[in-house]
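Single chain ahead, by itself, as structure tokens, in the form predicted on its own.
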């Protein structure tokens, strides 16, 4: 295993996450103090740009570029939103941050909000996460008592209010424009862009939206510098990543590893390899919307690169062995996407439903030649005509399975 580097998980299991005193004792809120006493928002932004940090929610957009877009807007009213919706099956990295080190996340939120010039920040939390909501309410109160939040933070000119907004648990609300719609009290549906949220976002004002894992990197970058952060991981995507490894492995868990780590290393060294007595079949990388990786491709490096064959996405890795029923897996994927399609556009609303119907027939062994032809048409439609990426996500794993496992799926004889 490569030399262990811990940025986000360094305090996990070492401190009581519910006590602000424990976080302060290990250097917590020093980055916020440094920002307020030694830096300007422009200087702090420069450090984030130097770091090369990109979004950890799935898209991998450069964090510094997004913050800069909001910072340079002249509006007197701006907002910052922490995206903690995390509604994809098998993905629980953001919840783990809240469970194990919530003050690190809160410190990152405060710094980023002040960098862009926001006086109000929201933490958008999936409504199913009652435990995490209670933790966040507690730590926000503790931070206010210590004057890390509120008016004239640490005796400075900065003011910031943080509101915890509880969403309804919809997967589509992980998309930032749908998330903004939800906070505004509208249906959780994506908006047409441009304008982008960085110019016209929450309540029509410039808004920065970052994933919780992305934000948790900020205190480290401010404390140690962007150049040092850029030396970790790969050149294309610096830093570490939280990988959630589940399925047929010996030690399923959340692991922090440098970006650019090989998939085989994550499975064999971090997660302990495939369970005894089971044979590796394929791995799904990036959650339910992720690509399927066969044994021959396990040496690929996982990083945020638009030219990569496999998108890293949320960092969830599901390891599948040969005892798994591929029909159950297909039905599971399509049950999720059919349920979570917001219904705004016909191709996604109808396409996910039709694939779900076909997946049920595949499971029952009632597939027809007409269905085989329809699958190709539906997958093309989802990939090319939907309003937002959810349709494309719904088609990804299903399409890979059809391309690679026709014999098993269609129950063809050898």
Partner chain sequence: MNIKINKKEYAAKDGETIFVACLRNGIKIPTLCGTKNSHEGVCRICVVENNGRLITSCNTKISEGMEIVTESENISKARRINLELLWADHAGKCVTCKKNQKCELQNLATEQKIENFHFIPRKEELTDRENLDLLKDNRTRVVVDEGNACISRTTELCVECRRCINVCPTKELSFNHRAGDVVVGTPYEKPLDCIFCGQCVKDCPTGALTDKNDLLEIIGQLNDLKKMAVALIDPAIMDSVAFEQEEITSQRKLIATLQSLGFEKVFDLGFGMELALEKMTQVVKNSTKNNLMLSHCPSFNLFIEKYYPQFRKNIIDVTHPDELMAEFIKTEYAKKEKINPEDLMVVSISSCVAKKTPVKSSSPSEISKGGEAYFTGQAGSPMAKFDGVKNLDYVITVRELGWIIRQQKIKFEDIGNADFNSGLAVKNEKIKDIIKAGKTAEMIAEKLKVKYIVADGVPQIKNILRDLDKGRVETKIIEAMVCDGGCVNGGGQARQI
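Quick caveat, the model's predicted, so the values are computed rather than measured. Positions refer to the first chain, counted from 1.
Below, we turn to the form predicted in complex with the partner chain, even though it does not appear here.
If you check the partner chain in the model of the complex, you find no heavy atom from any of 251, 278 and 300 within 4.5 Å.
For the partner chain in the model of the complex, the listed stretch (60-68, 46-54, 24-32, 353-361) containing residues with heavy atoms inside 4.5 Å is 353-361. Interface membership of residue 338, defined by any non-hydrogen atom within 4.5 Å of the partner chain in the model of the complex, is confirmed. Residue contact check for residue 347: one or more of its heavy atoms lie within 4.5 Å of the partner chain in the model of the complex. The partner chain is not shown here, and in the model of the complex it never comes within 4.5 Å of any heavy atom of residue 40. At the 4.5 Å threshold, heavy atoms of residue 256 stay clear of the partner chain in the model of the complex, well away from it. With the partner omitted from this view, the residue of 116, 342, 140, 293 that lies near the partner chain in the model of the complex is 342 [heavy atom within 4.5 Å]. Looking at 358-387, the residues that come within 4.5 Å of the partner chain in the model of the complex, counting any heavy atom, are 360, 361, 366, 370, 373, 374, 377, 378, 380, 381, 384, 385, 386, 387.
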